[in-house]
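This document starts with one chain, in the form predicted alone, laid out as structure tokens.
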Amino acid sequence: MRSVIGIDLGSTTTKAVILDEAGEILGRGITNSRSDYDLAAAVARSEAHTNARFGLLAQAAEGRVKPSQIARLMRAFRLEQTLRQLVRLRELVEEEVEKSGFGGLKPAAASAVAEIFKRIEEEERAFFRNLDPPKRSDFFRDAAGSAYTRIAEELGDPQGVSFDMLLGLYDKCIIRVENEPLDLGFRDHILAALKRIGSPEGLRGAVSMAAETELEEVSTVGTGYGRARLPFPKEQIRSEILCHGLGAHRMFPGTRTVLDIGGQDTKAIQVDDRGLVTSFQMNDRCAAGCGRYLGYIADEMNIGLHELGPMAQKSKRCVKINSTCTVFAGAELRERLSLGEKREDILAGLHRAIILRAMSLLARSGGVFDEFTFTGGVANNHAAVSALEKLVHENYGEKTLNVSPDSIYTGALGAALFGHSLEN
């Protein structure tokens, strides 16, 4: 099967989208960007291929296997991937214990590490068995780091192997795990996953078909914050502006205005009826008002990034925020808390301040026209969407606001569409 792939190498996440010969989406993949951009692109591509093969599997099994069995197989597959990375992380941490200067504490450190990883593995198995698991980050680093930190806090002994010592071991090793080219693809894990769920009748043949289907990449186009690092010819690189415009138009053909808030920048884009850019505005080099800023706030509050929006939506009184400077984010947050402001009210104010900055860009790009599409990772934050809806209504009246659950893939989709046009 001939296919094209678009890769959006962002500052915080790297996305990939695969299209078939007809230009239809076959698969999507995402990973957290890291210091090794080439590896991030490779992992996102591998995840997109895995997603595509699960789509092919579902087609082959349709009418013969219940969708719930395929969903169960996918959870078992993700568990296999997670356990493999967990084993590698444990190996590296144990190596650090052996060569670090723990002295007489080495046996206690080894015992604590063994207990931490035993508990993490048990929790991961339970998480993937759950038919309705709690919301958490999709990335191994975040999930493993959260569990490791929590358990290390329980086991740490200020008079012996302290929490700081245990956390230092994790910090030394997690980047190495991320930057090692582990093959976490479909063929490596699907048979183990199939065995784990008991190989339901009718599913094995569909798995074989999906694994054996050749996905021939005939074109690859890159975009995003780190696009200059992608190993593609110059003619296979497109700007983020062009890709988000075209991707948003593909998702919602009536789109005329696009707002993209990513990890490092914000873009206000106007497009015509073909999805071609007619004007745009982009923020300066400062990351204020972008996803990276929200990440700093989450770290300061010691909560997950995905928890910011739900917490802000509990607000009864929106606190006015004068600055969204990333450098001073922690200081301003602590000051507001010291004045007795509630966390949810501060977060509501922060989300409004972020959207106010975006509204300025929209005004300078030409305003907001029907239809208006919100893209990027921040579009998955319901508090940001609510603030945007309110401010657009106040400034421009009733407009159709489009937000796709797959909005984070918009740039990669646009890149793939450019790749598809190169082949047709």
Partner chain sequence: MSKSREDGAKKDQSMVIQKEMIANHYKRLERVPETREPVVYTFVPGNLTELVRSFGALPVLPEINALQSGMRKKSGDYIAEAERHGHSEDVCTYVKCDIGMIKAGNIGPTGTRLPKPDLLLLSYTGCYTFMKWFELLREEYDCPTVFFHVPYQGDGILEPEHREYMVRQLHEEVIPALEKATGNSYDEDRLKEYLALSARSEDDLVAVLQSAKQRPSPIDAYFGAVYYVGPIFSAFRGTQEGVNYYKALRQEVEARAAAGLGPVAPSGPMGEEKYRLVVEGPPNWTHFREFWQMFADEGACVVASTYTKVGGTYDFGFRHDPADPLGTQADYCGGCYTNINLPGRIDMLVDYLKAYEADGFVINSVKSCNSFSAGQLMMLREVEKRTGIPGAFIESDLVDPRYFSAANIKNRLESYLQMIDARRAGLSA
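Source: prediction; values computed, not measured. Numbering follows the first chain given and starts at 1.
Form predicted together with its partner chain: not shown, discussed below.
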- Query: From the list M209, M282, I197, M74, which entry has a heavy atom within 4.5 Å of its partner chain in the predicted bound form?
  - Reply: M282
- Item | Contact residue in the predicted bound form, chosen from A112, A147, V277, L230 - any heavy atom within 4.5 Å of its partner chain | V277
- At 4.5 angstroms, heavy atoms only, are K234, I237 and E240 all close to its partner chain in the predicted bound form? yes
- Task: Determine which one of 90-98, 303-311, 269-277, 128-136 lies within 4.5 Å of its partner chain in the predicted bound form, judging by heavy atom distances; exactly one does.
- Result: 269-277
- Task: Tell me, yes or no, whether I261 is in contact with its partner chain in the predicted bound form, where a contact means a heavy atom of each within 4.5 Å.
- Result: no
- Message: Even though the partner isn't displayed, in the predicted bound form is L246 close enough to its partner chain, meaning a heavy atom within 4.5 Å?
- Response: yes
- Query: According to a 4.5 angstroms non-hydrogen atom cut-off, is R364 in contact with its partner chain in the predicted bound form?
  - Reply: yes
